[in-house]
Structures are given as C-alpha cells and as structure tokens.
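Before any questions on how it binds or moves, here is one chain, the form predicted on its own, in structure tokens.
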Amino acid sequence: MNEALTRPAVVSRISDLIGYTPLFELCRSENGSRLLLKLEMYNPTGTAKIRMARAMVDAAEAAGELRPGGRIIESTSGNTGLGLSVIAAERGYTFTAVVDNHACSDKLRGMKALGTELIYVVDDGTEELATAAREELAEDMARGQDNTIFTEQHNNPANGVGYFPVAHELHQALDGRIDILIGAVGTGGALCGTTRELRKLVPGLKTVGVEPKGSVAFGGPAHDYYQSGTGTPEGAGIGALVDFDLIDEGVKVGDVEAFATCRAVARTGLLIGGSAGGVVHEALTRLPSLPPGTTMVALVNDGGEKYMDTVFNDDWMNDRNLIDPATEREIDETLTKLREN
C-alpha cells in the first residue's frame, strides 16, 4: 500500500495522527451515482484545518521566521486555532488566538484548554462575525516582534499546500475514480489546495465551491450568517487562496438549509458541522440528476460535536429563526430515499 495511506502502528506526536481520514458513502441515486463524505473530523481536534496549521508552521520554520521559543499569532473562528494550539504545544511555541464570539464556545474552550491565549476583539455577548477586526489586530500584534509570526491563514500559500495530501488520499482510495469534488469556501485552502493537486492526477475533475448566503466570494448581497469558519463576510477581503480558476461552479446555501441538513444527517448516526451541512445540502440536491455511475466527494471539514450549543440546540436555533420544520422534513425525505438505493 502507498505510504500516503498508512501510518506507524504507534506514534509519539498527536500531529502524526493527521490525515488518512475515512470515506463514508452517505447515499446513492437509482442510477448508481454516489455521494461520499471525506470525514475530516477524524483528524486530531476534529477538523481538517489542523492539516494547514501544521503546514503553515512548517513553512515558517523552514524560512527561519519561527525559531525555538517563538510566538504564533492567528485570527481564527476556532478550527484553525485548535490546530495551531496542538502544533504550538508540541513544538514549544506560545500561541495567541485573536477571536470573536461568533465562534462556537466549545472551540474557544478547547483552545484555552490546550494552553492558548485568547484575545477577543468584541465585547462578551456580541455575536457578530468580526473577521476584518480580528485580522487587523493579529497583524498589529505581530508587527516588529522578534521570533513572532502572524500565520495569516487567508493569504498564506502553505494553507493550500497543507491539503495536498487529501488529494493523494482520495486518488488512492478511489483508484482515481472521482468525478466531482464539492466543498466549503472560506480561506479557499481546503477546496482549492485539494483541487490543485488532485487535477494533476484526475484532469477531468469538476470542483464545486459552497459558501453561505451572505458571504461575498461568489457575489452579493452581503448579510450576516451563522455558519462559522467559512465564507467571506462583508468588509473582509477574499483570501488569496480562493482561486476561481480552480472552482468550476460557486453556489450559496443559507443557514436554515445548512443546519437542517446537519440535523437530518445526525439522524443517520453522523454528526457534521454547520458549514459541512451546507456542502452536503448542495451535494444531495445535485445527486439525483448526475450521470449514471458518477462519484461525488464532499469535503466534510468539521464534526458536529462542537455545535451542541448552537446547531443542535433548539433554543439557540429558535431564538435566531433558524428552524424550519418543512425544510428539515424535505431533507429527511430526500436522504431517506437516497439511502434506500
């Protein structure tokens, strides 16, 4: 078996457990087209973003920008911060996460438990997404400081490089038989990094990017949204890693549909995160009309365990008018029918 799909039986660092994540067939259509989920929640910290966290630190070390005893600073809505928390703890760095209260509280608590310093840019109880303010503060904190880096995930080329192994894992697991890759577009690292490498192996691959309604990477109108860790909110620049030449089609999915999909998928026994709900919703919508025998892979970059206080909390959902029983029933029915094939 190729080295990319194996690991030692015993490892000595948590980061050695990154990768080799499973593929799960969620459902298939009557004509044999299937939807496979790349379950990135099986990485340490329960998210894909630890892949790029490690790659960004590796690149900074190789460039001599980060040396023993150094400090890492990043603006994060949670998952990147969790990954950097692990890498910093392993390598003896101090890590400061610049955050807002839009992040799920479990992610913030997780970072703190791993020894991370949290710096808030908004007052307690203020839930709006403050990406631009976070990034400005993180950059200011790192400026002029010796042995200190702002990893700047939205514009760091190593972000995309961190996902190259995903392409090789998919290619080997499916023996090259993959037709469509669909995933969330936030920094652009996961979807575009995977696509860039995978197209070297599967030139005919089609890539579909999904962002929340209210995000602006694929155009307006801009408005607030609750899907965390994804999208480009108003006032924030589209990340340099969002390569539109690598995305064949860009679509938007609203919070109601994304979260209803999370809740419907949970009733099959699988917990997925909010932005992953948007990706799976779009994939389910497309599956019945695909050509016979199509293999579509959805990147599920986050598990649902971090969303017990939000997506899976009826009170939180109702307070924000995010529950729509009719939408949830429709997704339940679609998923049930497709899982019977």
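Computed from a prediction, not measured in an experiment: that's the story for all the values here. The first residue of the sequence shown is number 1, and the count goes up from there.
This next part talks about the form predicted together with a small molecule, which is not shown.
Touches the small molecule in the model of the complex: N79 (any heavy atom, 4.5 Å): Taking the distances in the model of the complex, the answer for N79 is yes, it comes within 4.5 Å of the small molecule.
Any non-hydrogen atom of Y163 within 4.5 angstroms of the small molecule in the model of the complex: Taking the distances in the model of the complex, the answer for Y163 is yes, it comes within 4.5 Å of the small molecule.
The small molecule contact in the model of the complex: T230, any heavy atom under 4.5 Å: Yes - in the model of the complex, heavy atoms of T230 and the small molecule come within 4.5 Å of each other.
Contact of T187 with the small molecule in the model of the complex (heavy atom, 4.5 Å): Yes, contact at 4.5 Å.
Partner-proximal stretch of 296-304, 56-64, 26-34, 281-289 relative to the small molecule in the model of the complex, 4.5 angstroms, heavy atom: The contacting stretch is 296-304.
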